[in-house]
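Just the one chain here, laid out as C-alpha cells, in the form predicted alone.
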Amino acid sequence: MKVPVNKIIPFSAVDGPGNRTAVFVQGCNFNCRYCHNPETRNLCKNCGECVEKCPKHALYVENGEVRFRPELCCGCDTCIKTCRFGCSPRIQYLDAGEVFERIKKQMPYIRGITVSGGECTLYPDFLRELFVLCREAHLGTLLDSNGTLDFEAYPELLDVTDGVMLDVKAWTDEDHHTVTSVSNEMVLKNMRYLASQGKLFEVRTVIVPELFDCRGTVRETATLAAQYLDKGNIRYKIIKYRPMGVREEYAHYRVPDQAFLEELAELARSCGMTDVLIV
C-alpha cells in the first residue's frame, strides 16, 4: 500500500537513540491545540490555492489533484502558509519498499529508523511492511505515536517494533479533550499494554501550564509507568511548550519556565521514574 509521506529526515539525533532516519507521514486524528506541525494534520483538499503561490513552480494540478515536484522545492513554506485546511501539498505517496530504498542511502551511518507524523499508526500495514524490511537490514524500529491504535490487536506490528514513544498529552479524559478534542481511553490502555510487553520506550508530555493539569498528568503518568520498570527501562520526556509553528489562535499560551519543568521532573522521580529528561 502507498501512504502519504510528508518528509524523510535522513539523519536525526532527536527521534530516538543514536543517529536515525525519521519518516513523517501525513494525517492525524488529533487536533492538538499546541501542535507544532499543524500542516501534517490533514490530507490535501486539492483546492489549488497554493499552486499559483509557489515561487518555484514545484506544485501543479493534474486530473484535479495537486501534485508535488520535490526536486524544484526550495522549502520556503509558502504553500503551507497559504493553506486554510491544515494540509501540506508537499507529500509523496510511497509504499514500504520505496521508503526503504530512501532509508538504505543512509546505511551504515544510522542505528535505526523512527516513524512519526501526523500519526503514523493510521497506516499499520505499511508500518509492518516497512519494519520487516528494516529488521532484515538490522536496523532498529521505533514508532512515535499518539496511542490511538489498539496495539494489542496488531501483534504482527509489535513483533517487528522495538518500542513506542507514546504521547500522554493529559491524564484526565476531560483535560485530554481540551488539548486534543479526543478521548484518551485508548491512549492509557495502550500505555499499560505496551509497558507490560516491554515495548514502551518512552512516554512524553508537552507542558502547557494554562491548558491542562500538568502536575496531575505528570504524577499519574509517572506512577503508572514506574509500575512496569521491571519489564524494561521507560524514559519520561517532559517537553517545554514553545509557540514556534503553532497556529496563531493557540500561540498565546505561556511558555513554562525552567523552575516549573524541574519541579515536574522531580515529581516524576518521586513517583518512581529513574530516567526523566527535560527538553
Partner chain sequence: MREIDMKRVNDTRDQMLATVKSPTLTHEQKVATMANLADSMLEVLDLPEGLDELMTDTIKTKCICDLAEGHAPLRPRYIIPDYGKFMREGSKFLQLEPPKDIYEAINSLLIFYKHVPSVTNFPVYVGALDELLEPFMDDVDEAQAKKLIKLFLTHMDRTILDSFSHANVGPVATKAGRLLLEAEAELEHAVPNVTMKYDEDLTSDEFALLGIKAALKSAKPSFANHKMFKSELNEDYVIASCYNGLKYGGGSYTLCRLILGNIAKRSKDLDDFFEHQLPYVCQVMADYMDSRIKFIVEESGFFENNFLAKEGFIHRDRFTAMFGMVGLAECVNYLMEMQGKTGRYGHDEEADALGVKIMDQIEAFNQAHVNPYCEVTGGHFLLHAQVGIDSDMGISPGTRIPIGEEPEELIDHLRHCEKFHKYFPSGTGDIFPIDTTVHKNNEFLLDIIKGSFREGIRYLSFYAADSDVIRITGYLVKRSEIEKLERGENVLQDTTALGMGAKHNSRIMERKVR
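Numbering follows the first chain given and starts at 1. Just so it is clear, the structure is predicted and the values come from calculations on it, not from any experiment.
Below, we refer to the form predicted in complex with its partner chain, which is not included among the displayed structures.
Contact with its partner chain, judged by heavy atoms within 4.5 Å in the predicted complex, is confined among 202-210, 99-107, 182-190, 163-171 to 99-107. Contact check for Gly16: a heavy atom falls within 4.5 Å of its partner chain in the predicted complex. The shortest heavy atom separation between Arg111 and its partner chain in the predicted complex is within 4.5 Å.
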